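Okay, so here's just one chain, in structure tokens, the form predicted alone.
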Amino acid sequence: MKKKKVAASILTIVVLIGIILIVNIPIVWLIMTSFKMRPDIISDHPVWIFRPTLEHYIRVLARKEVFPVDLYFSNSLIVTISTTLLAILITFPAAYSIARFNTGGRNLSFWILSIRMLPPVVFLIPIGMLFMSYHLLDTKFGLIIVYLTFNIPFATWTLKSFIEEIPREIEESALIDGAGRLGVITRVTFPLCAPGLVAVSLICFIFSWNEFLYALVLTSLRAVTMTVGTARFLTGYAIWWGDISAAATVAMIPVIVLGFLSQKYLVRGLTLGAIK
């Protein structure tokens, strides 16, 4: 029995390592490409051993006439952080109302989730027409509004599951002790949902940071984000793979740092109540 358990553990570890390697191969290849010279990048055969260069990072980070990284990066940060904070502030009361008072009946939560399931291109034309009418094209405020449309349904559904995992008896005890409903929400439920809030916030941050379609169509100059800016290395004359890889590597840094900083809360949150 012990030998079978050891063999099963080894097999599990081998399978997990294989999955991790397969999942991370594109990221490793992207980072490697950002350090390759152009002949190595366009070579007919994959080049694994090469002489590294920083020319692509110099072009991305230092030559603002080619790639204004400060503008693109600040736009992405402002839009993403604002969207995440607003999504949490809007969805937590909604999720609490649905979880505790069954607001809207049984079908409301499924209707909210169905909005997230629709492909973004469905809303592109009407949103574009509305933005033209209200002069919201190429503005960060416009992007924040659009990003809320796909973050709010996801955050509401997920936070609802987290709140349902909290026993009602805890809130009832606070009510008996004299706390009002608002006090229960702010002093009891909200702190207990902290792991879930961190998990949802991080996922909303990633969704907003990586969004491409809306940012491509609704921005042109002032509100361009990192994802759209990176794609501008695809020209009608050439595709600058090294510069694209360098810009994409720089764009990954905030998400990776945020993921490491909130790793403990993220794991706890995702295993607490995201899936029932």
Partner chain sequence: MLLTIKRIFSNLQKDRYIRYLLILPLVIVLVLIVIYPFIYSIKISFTNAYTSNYLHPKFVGLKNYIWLLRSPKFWNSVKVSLIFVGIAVFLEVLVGLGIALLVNQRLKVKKITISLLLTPMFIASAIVGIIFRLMLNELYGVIPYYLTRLGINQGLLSKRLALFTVILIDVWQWTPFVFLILYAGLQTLPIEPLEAAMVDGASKWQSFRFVVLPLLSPILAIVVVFRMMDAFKAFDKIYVLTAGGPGDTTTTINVFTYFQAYEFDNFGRACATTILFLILITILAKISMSLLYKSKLY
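Numbering follows the first chain given and starts at 1. In this text, all values refer to a predicted model and were calculated from it rather than measured experimentally. In this text, rigid core is short for the largest set of C-alphas that superpose within 1.5 Å between two forms.
Another form exists, predicted together with the partner chain; not displayed. Remarks below refer to it.
Asker: Using a 4.5 angstroms cut-off on non-hydrogen atoms, would Val69 count as touching the partner chain in the predicted complex?
Answerer: No, no contact at 4.5 Å.
Asker: Might Ala94 be said to contact the partner chain in the predicted complex, defining contact as any heavy atom within 4.5 Å?
Answerer: Answer yes; at least one heavy atom of Ala94 falls within 4.5 Å of the partner chain in the predicted complex.
Asker: Quick one: is Arg51 in contact with the partner chain in the predicted complex, heavy atoms, 4.5 Å cut-off?
Answerer: Taking the distances in the predicted complex, the answer for Arg51 is no, it never comes within 4.5 Å of the partner chain.
Asker: In the predicted complex, does Met117 come within 4.5 Å of the partner chain, counting heavy atoms only?
Answerer: Yes, contact at 4.5 Å.
Asker: Enumerate the residues of 110-128 that have a non-hydrogen atom within 4.5 Å of the partner chain in the predicted complex, in sequence order, or give none.
Answerer: Sequence-ordered list: Phe110, Trp111, Ile112, Leu113, Ser114, Ile115, Arg116, Met117, Leu118, Pro119, Pro120, Val121, Val122, Phe123, Leu124, Ile125, Pro126, Ile127.
Asker: Aligning on the core only, does the CA of Arg222 end up 2 angstroms or more away between the shown form and the other one?
Answerer: The answer is no; the displacement is under 2 Å.
Asker: Is the C-alpha displacement of Ser43 equal to or greater than 2 Å between the shown form and the other one once the rigid core has been superposed?
Answerer: True for Ser43: a C-alpha shift of 2 Å or more.
Asker: I want to check Leu213: does it shift between the shown form and the other one by 2 Å or more at the Cα, with the core superposed?
Answerer: No, shifts by less than 2 Å.
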